[in-house]
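Single chain ahead, by itself, as structure tokens, in the form predicted on its own.
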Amino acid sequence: MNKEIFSLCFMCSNRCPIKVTVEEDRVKFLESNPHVPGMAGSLCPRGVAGIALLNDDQRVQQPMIRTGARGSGQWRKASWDEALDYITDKLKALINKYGAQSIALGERVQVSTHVSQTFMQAIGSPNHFTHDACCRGSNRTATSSLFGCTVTDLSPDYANCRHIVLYGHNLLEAIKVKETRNLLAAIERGTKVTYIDPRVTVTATKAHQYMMIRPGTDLALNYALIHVIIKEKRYDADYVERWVKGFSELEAFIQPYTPEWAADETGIAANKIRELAREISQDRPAVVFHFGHRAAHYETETYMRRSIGILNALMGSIETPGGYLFKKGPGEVGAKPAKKLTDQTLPVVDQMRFDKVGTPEFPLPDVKFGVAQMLPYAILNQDPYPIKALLLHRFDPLMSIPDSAETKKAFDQLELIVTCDINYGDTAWYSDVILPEPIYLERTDAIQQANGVKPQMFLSRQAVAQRFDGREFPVIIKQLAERFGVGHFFPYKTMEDLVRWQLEGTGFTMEDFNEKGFVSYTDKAIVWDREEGIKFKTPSGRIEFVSSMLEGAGFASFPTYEPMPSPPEEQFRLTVGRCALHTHVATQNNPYLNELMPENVLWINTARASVAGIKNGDPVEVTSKRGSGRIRAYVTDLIHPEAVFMLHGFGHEAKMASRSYHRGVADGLLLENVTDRVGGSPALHHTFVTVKPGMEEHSRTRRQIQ
């Protein structure tokens, strides 16, 4: 007999609500949760491929301890007690010799992040970090400097929006199902979309206007838009007067940045820039200049994202129907959120972090997330102190941090690397111990607090029995904590215990999630009064164009624009991104998704390819200052002549993941490790490469080229 379980999909970090149909411990069907507005009938390819992951015999199946050289693939099976005792003994010896700060723990941000944060603080190390800087760290810094809260606290109101501007935010391929459906529904209702990108993506084809911009010049475009809006008084004067601090300073600063100036820098005609500014202004305040998701492109990323925020503020579109709405928490209706282990009184750790976040070197990035790409430098230079052990959870630095050769060199200096994951990623393959985690269909997770105009909580629940010998990461952490004598900070034995503890004081029980998979604090949308009630968390209580946060850290609120250099002759700027079929570095070995897209290709402009003697489907050699790789060319007019593009996440070295092994090129092999020093994100589009015809290696990849 079938049973239906409401849960969350963890095939990517979006965690879409799902319904799982199970018969005799087999998942028969995965679909979206029909009780969630905007979700009914939708699941992306990655979500559907969860069934293939469940039954994949190439995922990690039991604890493994390395017996040969790192990366050799020589392992022995171990029991859980043996593996955890081995890790504990190694860590204790390192702490005794080097101090607790010699231990670092990195993970992909998820609903149990508070558990590992608590563990690190309990053992006395400041060095918990996440992947976030490699994604939206600079976006967080930018929005914090304007509004006192981060981009994750803001949500676009597609239902009432009249015009949306997207800067390379390829929503229809980097799928977040509900948001993608909302965007498509808005387009069908007549909402205009302007899409700006050096590359024509699927989202570009749905836009009413596409602008092919020279790579890295989005800030110049935005300065020119601001210039027109202020000069022609097309901003919301009442809103600016009430809610903005520093308008007159911006007005003086922006004078030189005319559309004619921007046309030379961006390649977009001055009249097109003026037309866009005027068109958008006619629709205010129901407009959205979209902040995007990944903000890790250039060293000026914080200021580019700040310029987006400034444009939204000038339109009066912050906390208004059709613009951006602040996500509200349960406190707005007198209720409490789910508890986190970090809410406890924990030992104070006053040691400097390995990435120096919170010091004059990195004063502004969020200490809760850190700056992951600083890890190789900290290890190699032993600055500010030796890092000797690295614990990782669902995070693959060798595939995710730029300059993988340098990262591997740093890892060779570590005395212990432990990876807890589902797949054999490159870092897992290079580790000393691998701990298997059950996939989301086999486990219950911590509560997901979903703030919004109607705050809610979601729960991901176990649907079937484990196929292999895995343990949930919070349970692993609890068992390590007991071995360190700090188990009292973890008041649970099972995931169900943890969830019930989290729900204490919320007014909800675990059983309340049975009917729909989520609970709601209110059925009424919470929107603050635009005249008096917007709760900006800046020191001034207003939107700070002149930012006390930036200025206090020694950074200008309005930096003079520095021209974006073009690549030297015969070189290209390497750009990277995502697609609908894969999640970062995690799904390339999935049987379903690998069949659909086994490897990446290199987009290259037709005219530039012709000069180089490169035809569509040809193997090419891509070389940067950091490394080189061989990949197939995709020759097209749909990319700016200065740029080439490849998908992130391919070129794996883990042999156990045989489907993805050595398929395509890893962008980390080519990218230089350069950072936005204000916001903390890596500049993933900083690197220049050469592209030359390459020798034929194999022919099976040619089928990917259409």
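Start at 1 and count along the sequence shown; that's the residue number. Only a predicted model underlies this, so the values are computations on that prediction, with no experimental measurement involved.
Keep in mind that the form predicted together with a small molecule is not shown, yet the notes after this line are about it.
For a residue to qualify, one of its non-hydrogen atoms must sit within 4.5 Å of the small molecule in the model of the complex; none of 306, 450 and 676 qualifies.
The closest non-hydrogen atom of residue 246 lies beyond 4.5 Å of the small molecule in the model of the complex. Within this chain, residue 648 lines the site of the small molecule in the model of the complex, having a heavy atom no more than 4.5 Å away. Shown alone here, residue 114 lies farther than 4.5 Å from the small molecule in the model of the complex, counting heavy atoms only.
Mapping the unseen interface onto this chain, residue 294 counts among the residues with a heavy atom inside 4.5 Å of the small molecule in the model of the complex.
None of 364, 84, 134, 410 but one reaches within 4.5 angstroms of the small molecule in the model of the complex through a heavy atom, and that residue is 134. Exactly one listed residue, out of 594, 444, 121, 583, brings a non-hydrogen atom to within 4.5 Å of the small molecule in the model of the complex: 583.
Residues placing heavy atoms within 4.5 Å of the small molecule in the model of the complex fall in a single listed stretch, namely 393 to 401, out of 554 to 562, 393 to 401, 248 to 256, 269 to 277.
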